[in-house]
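So this one's two forms of a single chain, laid out as structure tokens and tagged structure 1 and structure 2.
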Structure 1
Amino acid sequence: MKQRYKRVNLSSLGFFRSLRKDNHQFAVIGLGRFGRAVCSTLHRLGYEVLATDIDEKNVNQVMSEHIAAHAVQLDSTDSVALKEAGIYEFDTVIVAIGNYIQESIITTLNLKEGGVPHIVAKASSGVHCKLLHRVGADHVVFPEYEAGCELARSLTKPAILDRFDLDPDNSIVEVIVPDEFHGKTIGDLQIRNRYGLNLLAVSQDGKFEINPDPRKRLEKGSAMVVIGCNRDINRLPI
């Protein structure tokens, strides 16, 4: 199973609460790998996507792959071009120009001045991230940094199959049942008393049993889901 590490960003909760649930249209500016992935996923989920890029080749590729309802070639640093394309009418616009900092910042500023309510922007560095917030980005993503963190944690804790970080100190993790837990019941292991963790679920025949019976025996090679402090999770024999 591919390892995925996610974190609840408390500072972003306000942004996500403000998104309209009935919004079915998005605009994506910048059609590199990241931008095309956003377009493809939104389109697959049934949303209408307007894709734009300054490079005609990227625009044609999106149309040939059928991952956007509409695609337009334009220079997003030109506020008039954005207005004529109707970008300012969208509720949410994703700025996926990560590697061209100046263009990314000017585009974000244009969108803010054009009255776009929700602007999501991709950053390529910590400084870029700060600048995007300064000029009006409502939410900034840093995929290269996040991928680097995920890789490092995957290499050091390969037994962790999935992780959801609640905050810097606490997480929910799916882990492979340790060899020394094999054949023992949940009650015998006393995971809460020994490790300070709460056992939420255990896998059984490809499905998870939520709040498993204390009499259930754990099997090597299956998975279990626990919640608790990262310090305590690290004490598990995995």
Structure 2
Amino acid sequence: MKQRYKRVNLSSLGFFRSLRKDNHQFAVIGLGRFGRAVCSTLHRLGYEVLATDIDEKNVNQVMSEHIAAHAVQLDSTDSVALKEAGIYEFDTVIVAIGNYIQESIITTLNLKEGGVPHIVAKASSGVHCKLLHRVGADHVVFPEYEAGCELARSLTKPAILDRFDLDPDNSIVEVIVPDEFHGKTIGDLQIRNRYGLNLLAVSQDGKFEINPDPRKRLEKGSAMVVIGCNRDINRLPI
């Protein structure tokens, strides 16, 4: 089964819920590897993207690779340049400047003061993360840290396919059915009594059966979705 491990934190949900469904325009500031990946994915998904960078070379590269509808060279620490380029009119702006902390902070502050409703910023350290929140970023991503945590988790718990963190102590996880559960019915397994977990669904080949019948037998190669506290999830024989 293909591993696809992603963490979603409920604290980010407010931000994602606030994104307007009809928003089809995004501006990306900073066209390093991260910024270009954001541009090309949005572009491929059919959204209109304005890509900007202080370095003309990066702007030209984005245009020649056709990974954004528009690209402009500008210094995002200059609030007049941002205004003239119409960046303040965008609903969502992504600040993809990781290494230049001062530039990233000033840019985020400019966007906040310019009235951009949704500002997403990339951090390169814990302190950078805090500063971005302080100057008004609505959502901060820290890709190197997050990827490192995910790798460690997936190396130590490869059976966990997907995870939704409800809070630091409780989660909903999709896990590969443990070998010792193979052939047993959900009723026999008494997952709630033995592990304190509630079984929400079983899945086979990406299809989910919600609230499965207790007489259903679990099989190797399929997966199950449980909700409970992390301590109990860790007690599963996976």
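The structure displayed is predicted, hence computed values, not measured ones. For clarity, a rigid core is taken as the largest C-alpha set superposing within 1.5 Å between two forms. Counting starts at 1 and follows the sequence of structure 1.
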Pick the form predicted in complex with ligand ATP out of these two and give me its number.
2
Core superposition between the two structures, C-alpha change of R153 at least 2 Å:
no
Examine D75 after superposing the rigid core and state whether its CA is displaced by 2 Å or more between the two structures.
no
Taking the rigid core as the reference frame, tell me whether G115 has a CA displacement of 2 angstroms or more between the two structures.
yes
